[in-house]
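Presented as structure tokens, the chain that follows is alone, the form predicted on its own.
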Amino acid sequence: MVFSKRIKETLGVPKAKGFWQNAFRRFSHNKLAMVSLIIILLLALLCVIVPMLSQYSYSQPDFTGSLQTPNLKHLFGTDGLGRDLYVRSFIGGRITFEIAFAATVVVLLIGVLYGSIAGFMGGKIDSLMMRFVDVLYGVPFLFFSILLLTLFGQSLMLSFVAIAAISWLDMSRVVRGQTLSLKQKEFVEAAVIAGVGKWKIIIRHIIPNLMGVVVVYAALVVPNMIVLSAVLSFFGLGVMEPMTSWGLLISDGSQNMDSWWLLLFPAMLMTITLLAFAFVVNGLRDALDPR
């Protein structure tokens, strides 16, 4: 082994690239996906930096400057309370990103573990776990969110819980289907014959081989979480004033169509983000599954 390695080094034979290196190379050659990724990172960075550096507060009213059109002083204009919409748009983006990414992490953790266990165990355990998923599918998302927020009150944490509690179901189904295919592979059968425990097989063999599917689905889940967060805020079930989110800003703007900038800028930022995620998802899919 060592001898053949030295021969290859002597002859100048290039090292074989791994799966993730090849995937990154294919993704980096997709210009649209790379530009979209840069846009997402730039927007996320602006959501952190802009509120910190701005001289205007996202929550402090200024009734003398209410409903100003976009100008050099207020780039996105001001709302009905005179608050700078530029700062509030990026604060809203920060809250939206926080909810979306936190919910995505929970969705992935629960969905991947639940789906891989159900698929690998099979039999009655699989049937019971999937029937539980079917029952949860029957619970309307908005009804569950309204019930949860009515019982415990509105807060950022409850918005996150309401979104994550239902959204892992699709992930578990996807992972279960892939696990049913993987557990028929030779390396899994060899691990079973060698006496490796079922939990170790799931953690060390099944889940690592699902990462390609999980990465693509994770990139798809984030924009879905952004939309769900916006839907909750639009119906007044998300974050509360003076804190804001893109959904809440869009809701406020839709109620005051005469002041067009109140709706235009938050909706534009959200649309750009969702489009960028769509192109990143397409790029990841092509990179991880070139066939």
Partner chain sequence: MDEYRQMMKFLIRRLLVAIPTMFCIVLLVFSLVHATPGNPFQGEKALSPEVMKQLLHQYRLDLPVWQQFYLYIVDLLHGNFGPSYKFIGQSINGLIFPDYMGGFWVTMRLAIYAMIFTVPLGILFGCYAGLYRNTWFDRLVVMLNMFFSAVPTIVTGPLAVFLFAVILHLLPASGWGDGDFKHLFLPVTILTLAYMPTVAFVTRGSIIDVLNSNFIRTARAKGLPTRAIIFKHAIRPTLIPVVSLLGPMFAGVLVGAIVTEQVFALPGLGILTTNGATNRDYNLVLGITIFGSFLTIAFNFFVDILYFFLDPKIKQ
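These numbers were taken from a predicted model, which means no experiment stands behind them. Numbering follows the first chain given and starts at 1.
Below, we refer to the form predicted together with the partner chain, which is not included among the displayed structures.
Undergrad: Just one of 58 to 66, 22 to 30, 44 to 52, 260 to 268 has heavy atoms within 4.5 Å of the partner chain in the predicted bound form; which?
TA: Selected stretch: 260 to 268.
Undergrad: In the predicted bound form, which of the listed residues (Met243, Val222, Leu237, Ile40) lies with a heavy atom within 4.5 Å of the partner chain?
TA: For this set of options, the contacting one is Leu237.
Undergrad: May I ask you to state whether Lys200 is within 4.5 Å of the partner chain in the predicted bound form, using heavy atom distances?
TA: Lys200: no contact with the partner chain in the predicted bound form.
Undergrad: Indicate whether the partner chain has at least one heavy atom within 4.5 Å of a heavy atom of Leu169 in the predicted bound form.
TA: Result no; Leu169 lies far from the partner chain in the predicted bound form.
Undergrad: Indicate whether the partner chain has at least one heavy atom within 4.5 Å of a heavy atom of Met157 in the predicted bound form.
TA: The answer is no: Met157 has no heavy atom within 4.5 Å of the partner chain.
Undergrad: Quick check on Leu148: any heavy atom within 4.5 Å of the partner chain in the predicted bound form?
TA: Heavy-atom contact with the partner chain at 4.5 Å: present for Leu148.
Undergrad: So, Ser127, Phe187 and Val214: all three within 4.5 Å of the partner chain in the predicted bound form by heavy atoms, or not?
TA: So, no: the whole triplet misses the partner chain.
Undergrad: Within 4.5 Å of the partner chain in the predicted bound form, which residues of 193 to 230 have a heavy atom? Give them in sequence order, or say none.
TA: If the 4.5 Å heavy-atom criterion is applied to the partner chain in the predicted bound form, 193 to 230 yields Val227, Ala230.
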